[in-house]
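What follows is a single chain, given as structure tokens, in the form predicted on its own.
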Amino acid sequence: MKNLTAFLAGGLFGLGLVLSDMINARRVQGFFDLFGAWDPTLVFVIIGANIPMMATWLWVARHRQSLLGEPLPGVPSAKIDMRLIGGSVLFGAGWGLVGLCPGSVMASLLFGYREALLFAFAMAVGFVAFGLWRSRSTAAA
């Protein structure tokens, strides 16, 4: 049941990306083009995503288990450190330059976009490189 729920939630997320055209890198890049042909579409997607997310965090604050009986993670740390800032800058720079993020790439792969394949490959290389770097960092500490 847990896998089915995850599959349905991921499918709903992907459908939202497709319907809002967030798998279109040009639309996302248009959002970041503040002094050119600015496209505000992403603002509405962000607002639409934050409404159910806020309701979810309110629910999580009052419950210890999900509706399926799984343990819920705690509230994320509010600590702002260099790792958070660095990761945010890298994510934002990549998103702004390429117009794709991990979620939109996964949805784009279903349509066979070549750009998505290249991005997914680069993302996988980044995941592996970070894993190796992190394991070396923790082993040295």
Partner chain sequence: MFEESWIMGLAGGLLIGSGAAVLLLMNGRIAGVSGILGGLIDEPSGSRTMERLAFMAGLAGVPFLYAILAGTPAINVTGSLPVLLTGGLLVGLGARTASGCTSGHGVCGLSRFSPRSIVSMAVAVSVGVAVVALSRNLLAWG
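The structure displayed is predicted, hence computed values, not measured ones. Residue numbers count along the first chain shown, from 1.
The form predicted in complex with the partner chain is left out here; the points below concern that form.
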Contact with the partner chain in the predicted bound form for Asn3, defined as at least one heavy atom pair within 4.5 Å: yes or no? yes
Does the partner chain come within 4.5 Å of any heavy atom of Arg64 in the predicted bound form? no
Quick one: is Arg136 in contact with the partner chain in the predicted bound form, heavy atoms, 4.5 Å cut-off? no
Residues within 4.5 Å of the partner chain in the predicted bound form, restricted to 70 to 101 and counted by heavy atom: Glu70, Pro71, Leu72, Pro73, Gly74, Val75, Pro76, Ser77, Ala78, Lys79, Ile80, Asp81, Arg83, Leu84, Ile85, Gly87, Ser88, Val89, Leu90, Phe91, Gly92, Ala93, Gly94, Trp95, Gly96, Leu97, Val98, Leu100, Cys101
